[in-house]
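Only one chain is included here, represented as structure tokens and corresponding to the form predicted alone.
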């Protein structure tokens, strides 16, 4: 392929990988598994372009005396792409390393660094791409071959993991490993960003139901038992790379909404933490959710979100708001939640 086509193709694939990788953090239902498959196939397909790229610039990379700023950035990009692909392969095969940062965290970090390096290299070595560089049957066939190779590598990786019975063979479609399922509070305590409040005083704590409702009200901890208590099996799939399946017990959000009577035009329900962290879901979905007080037979402790945490099946863990103090019915989408989840800990 023409040198410029290789460079622009690498840029396009890296940007697609960043977008699909970040978007995957919003996917918690099996029908969204195609996004993870696409991410894996295209990520491994980058290796084909990388081989062509390195063959062309190897002499320059091998002679540091000929380096300029663009060459330095290109070398960083080479290291970053190898680290990104390798960390992804190791995590999905061996679920290693654990702890924090774990293999998935490193994969994300390396991927973001790679995107910065590739963008920097393109800026320093910018050359326009013309139609004659990429039009033609041969280029189309090469692209088909690149994607097919990525698919073969992805499928081969999955088959090897199954045959060798590697830890990653039992991962969820999101890449998460299982931990503490059906064992009460045995699953990890994680804090999103900088959220780390002091334990709440249950005597002072109140749950406020407000917003676009006819009858706003509040509940104390003692009042919770007088509401509609329900149980629900759901998987908490944390974007930190683990998941746990539990039977959750707690207060029906549908019951809260029945008591509050949302006004005409209500579209969504926002669940607000004591830290200011919040997330919203459509009104129709909210009615089927619960605010958990127990995981299995164990009451939630502070680290796991007591006195109430949202249980939202099919959504990723960062959307399961902890330490809920307010249920607010909305008539407009809450775009500010995208800021709140990053600055609430401050």
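Positions refer to the first chain, counted from 1. Everything quoted here is computed from the prediction, not taken from an experiment.
There is also a form predicted in complex with a small molecule; it is not shown, and the following applies to it.
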State yes only if every one of 85, 88 and 104 has a non-hydrogen atom within 4.5 Å of the small molecule in the predicted complex; otherwise state no. yes
Within 4.5 Å, heavy atoms only: does residue 325 come near the small molecule in the predicted complex? no
Would you please decide whether residue 337 lies within 4.5 angstroms of the small molecule in the predicted complex, comparing each non-hydrogen atom pair? no
Could you confirm whether residue 171 comes within 4.5 Å of the small molecule in the predicted complex, counting heavy atoms only? yes
Within 4.5 Å, heavy atoms only: does residue 44 come near the small molecule in the predicted complex? yes
Which residue among 177, 157, 142, 249 has a heavy atom within 4.5 angstroms of the small molecule in the predicted complex? 157
When the small molecule is placed as it is in the predicted complex, which of 32-40, 51-59, 286-294, 64-72 ends up with heavy atoms within 4.5 Å of it? 32-40
